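Just one chain follows, in the form predicted on its own, and it is written as structure tokens.
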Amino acid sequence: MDLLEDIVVIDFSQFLSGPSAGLRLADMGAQVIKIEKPSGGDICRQLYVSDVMIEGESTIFHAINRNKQSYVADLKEEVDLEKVKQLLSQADVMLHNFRPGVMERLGLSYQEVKKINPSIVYAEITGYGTEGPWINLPGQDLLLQSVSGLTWLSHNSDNMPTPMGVAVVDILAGTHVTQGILATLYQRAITGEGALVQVSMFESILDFQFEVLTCFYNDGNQLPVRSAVNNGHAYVSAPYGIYKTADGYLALAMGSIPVLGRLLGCGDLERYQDSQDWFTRRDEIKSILAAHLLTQTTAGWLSVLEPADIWCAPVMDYEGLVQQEGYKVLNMELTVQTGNGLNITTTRCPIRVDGNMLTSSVGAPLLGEHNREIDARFSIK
């Protein structure tokens, strides 16, 4: 479905945060044109997160840049810069994720682009915003996870701070700027006026923690305390966490400890009748529970807990996940084809509209693949 048909996005962004926003706009039907430097293009083309390469480029580049077009331009060269400005004069959205000051030095600040195209939606992602002592620090995912306090929420209390195993800050910032772009496009449809949309990765990851930060703000600045045993959430009582079983792992969310004790045949848990104890004595409770769950398989425990509507789940790796019917029925795998004709499997957009999935078979572009096509369509000289 081309929900954003005829919307043209000029995307200067690199790595993950900005390109993830461009990906979602492309999924919705926008024409997303990546502006890439002649030598190497988007740095993400060589950002290897594994030893798997596709056509000599990183898998992550192909995953996050499918269904886009590549336009090579050297922004330090006046001729190329003028071509890009011609594109911007006809665009609906401009997106970048450079550090503060970079686009100003290139003559592509919001104020300058607004002169070229007053109705443009100008969106930018920074690491730490545009003011304050941290504005020139690198906006890198692990660093943002670390400085924001996020790493103190995972693992047990006696373990070191632990980051999430995905680029959560990048993807959240991309999601937030996409929300801002879509809202501003709606406003523009009413007023005819463009706007500046700004998101920092730092603000995105702080917002991601609104639940625990609100507790911190309103609880005398008491720091969250991770469980010493099977930690799953610093502010949630037992049994919340992941437990080892005889043959794997089992996740348990919120639930009544005495009820859990009866179902599992663990009499020691039944004495914890006061729900306040489930938090104040959670490590004690979790230790008892952890020892008991080792006595049966994950499937065995699930056969008891699921019929009783206890919130639980097996802990699966990708190999196990893709074999499940619950996964297969979603059709999350998408096959796209690059300009060289290579088929690549990736994930599809998770949004459905009127029951329809937002899909495209177009893979990530070759560097500069669409220069001639774009020059012709937009009459670039």
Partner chain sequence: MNYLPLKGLTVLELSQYLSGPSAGLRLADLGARVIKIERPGGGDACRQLSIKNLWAGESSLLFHTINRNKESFAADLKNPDELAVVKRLIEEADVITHNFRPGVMSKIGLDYASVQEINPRIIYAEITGFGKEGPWKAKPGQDLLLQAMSGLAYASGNVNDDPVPFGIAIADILCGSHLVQGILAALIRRQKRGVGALIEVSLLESLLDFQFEFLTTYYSSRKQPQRSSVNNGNPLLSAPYGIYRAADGFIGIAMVSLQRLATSLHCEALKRFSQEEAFNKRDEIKAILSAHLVSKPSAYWLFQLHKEGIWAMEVMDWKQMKQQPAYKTLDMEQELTLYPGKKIITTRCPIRINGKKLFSSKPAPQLGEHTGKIKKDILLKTP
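Positions refer to the first chain, counted from 1. Since this is a predicted model, take the numbers as computed values, not measurements.
If you look for the form predicted together with the partner chain, you will not find it shown, but the lines that follow are about it.
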Could you spot which one of Leu75, Leu172, Met103, Ile288 gets a heavy atom to within 4.5 Å of the partner chain in the predicted complex?
Leu172
Checked Leu263, Leu182, Leu87, Val113 for heavy atoms within 4.5 Å of the partner chain in the predicted complex; positive is Leu182
Contact between Gln273 and the partner chain in the predicted complex at 4.5 Å, heavy atoms?
no
Is Gln337 one of the residues lying within 4.5 Å of the partner chain in the predicted complex, judged by heavy atom distances?
no
Answer yes if any heavy atom of Thr178 is within 4.5 Å of a heavy atom of the partner chain in the predicted complex; otherwise answer no.
yes
is_contact(Asp375, the partner chain) in the predicted complex, heavy atom dist at most 4.5 Å:
no
Does anything in 150-168 come within 4.5 Å of the partner chain in the predicted complex by heavy atoms, and if so which residues, in order?
Leu150, Thr151, Trp152, Leu153, Ser154, His155, Met160, Pro161, Thr162, Pro163, Met164, Gly165, Val166, Ala167, Val168
